[in-house]
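We begin with a single chain expressed as C-alpha cells, specifically the form predicted alone.
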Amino acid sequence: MIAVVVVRDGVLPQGADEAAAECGGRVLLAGSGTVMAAEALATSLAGQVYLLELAATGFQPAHFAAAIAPHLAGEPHVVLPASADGRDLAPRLAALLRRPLHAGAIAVTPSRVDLARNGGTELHRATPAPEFLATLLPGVRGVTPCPGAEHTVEVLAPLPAAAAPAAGGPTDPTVVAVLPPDPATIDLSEAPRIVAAGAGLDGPERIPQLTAVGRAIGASMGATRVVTDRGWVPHARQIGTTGVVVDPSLYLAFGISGAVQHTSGLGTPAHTISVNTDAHCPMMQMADLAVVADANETLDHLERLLGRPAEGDAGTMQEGVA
C-alpha cells in the first residue's frame, strides 16, 4: 500500500502521518515544499518517501490528479488522509485510475476496509476489489514510531504527458478569493485552536460567552460529554472517544477535569492551557499552563480583557482581536 498526501508550502495536512503509517511508511508527497514536509514526516515516522514537486498556485485537484495518477499505475492499494485536500483529490484519482473509492475509512488493509457510517455510529466492513483507493479519517489510527527503521527519500520527476488534464476533461475552478474559516462553524477535527467547556461551568449561558471568547482569539468551541448531555451544546461539538477526535495547536480547557474518555480524543496539542479549581485533576497535570482558578470567573475576566464586558458591564467586543 502507498499513501498519497497533498502538501501545501511544506505543511502536512491532518492525518498525513496516520495515512503513511497505515501503509507501512510508504508515502508519496505531492505539492509544494515536499522536501520540508518529508523532514517533518521523518520526525514521527520512518519509511519510503517519494517526492513529487508540483508547480501550481494553490491546490489544483484536476492538475494534481493528472500528475499523480501515472505514478500510481503499479500501486494497487492507495490511501489518502481524509483531509480537505485528500477528500477532493481522491475521487479524481479514482476516476483516472478506474478504481473504486472507499471514503471515510478507519482502518485499511489490502483485503479489508473498515468504514465509519451514520456519523460514526456504525462500522461497515468491506472486502475491497484487488485495486482500490481509500480515504482514512484522521485521529483514529495513531502512529507508532519505529526507532532505527530506515528512512529513504526519492524525488520523482513530473511526467510531461501528465502536466495538465486532458483536453475536454475535468478542469480546475478559478479561485476568486480564499476566505478564512469561521471558528464557530469549522469542523472541530480541523480546528487549529479550541476553547472547551467542561462540567465546571455553572450554566448554559456560559456557552455563548465561551464561543465569543474563542472567536476573539480565532478558536472554535468544543465541550465534554457532560456538557453535551446537559443539552448545552450539540453532540457535533463534543470532544472525546464518543465524539470528535481533535488535534489542535492550542487547547484551552475551562472547568474540565480530564477524564480519559475526553483526553484520549485530544491528539497532541502543541500548547494546552487548563483552568480549574482542582490543581491535581488530570487535565491540570497534562497542561503546559495550569491556572488554579474558577473557570466562570476567568471567562468573565477574559471577556473584559478582550473588549467584551461580562453581563452587567457596558461596551462591545473589539473586532479582529488575535
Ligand SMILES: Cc1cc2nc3c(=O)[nH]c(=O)nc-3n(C[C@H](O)[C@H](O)[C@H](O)COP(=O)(O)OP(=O)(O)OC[C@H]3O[C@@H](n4cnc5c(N)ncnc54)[C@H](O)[C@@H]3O)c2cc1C
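Basically, rigid core = biggest C-alpha set you can superpose within 1.5 Å across the two forms. Numbering starts at 1 and runs along the sequence shown. The model shown is predicted, which means the values in this text are computed figures rather than measured ones.
The protein also exists as the form predicted together with the ligand; that form is not presented, and the subsequent description refers to it.
Shown without its partner, this chain lists 130, 173, 231, 119 as candidates; in the predicted complex, only 119 has a non-hydrogen atom within 4.5 angstroms of the ligand. 241 is the sole member of 152, 109, 249, 241 with a non-hydrogen atom lying within 4.5 angstroms of the ligand in the predicted complex. Of the candidate stretches 61-69, 277-285, 34-42, 47-55, only 277-285 has residues whose heavy atoms lie within 4.5 Å of the ligand in the predicted complex. At a distance threshold of 4.5 angstroms between non-hydrogen atoms, residue 30 is out of contact with the ligand in the predicted complex. Heavy atoms of residue 267 never reach within 4.5 Å of the ligand in the predicted complex, leaving it off the interface.
Contact annotation: residue 296 falls within 4.5 Å of the ligand in the predicted complex, judged by heavy atom distances. Contact check for residue 273: every heavy atom lies farther than 4.5 Å from the ligand in the predicted complex.
No residue in the set 189, 214 and 220 has a non-hydrogen atom no more than 4.5 Å from the ligand in the predicted complex. Once you line up the core between the shown form and the other one, the Cα of residue 32 stays within less than 2 Å of where it was. After superposing the rigid core, the C-alpha of residue 14 moves by less than 2 Å between the shown form and the other one.
Residue 223 is among the residues whose C-alpha shifts by 2 Å or more between the shown form and the other one once the rigid core is aligned. Between this form and the other one, the CA-CA gap for residue 103 and residue 244 widens by 3 Å or more, being larger in the predicted complex. Inter-residue distance, residue 264 to residue 139 (Cα): reduced by at least 3 Å in the predicted complex versus the depicted form.
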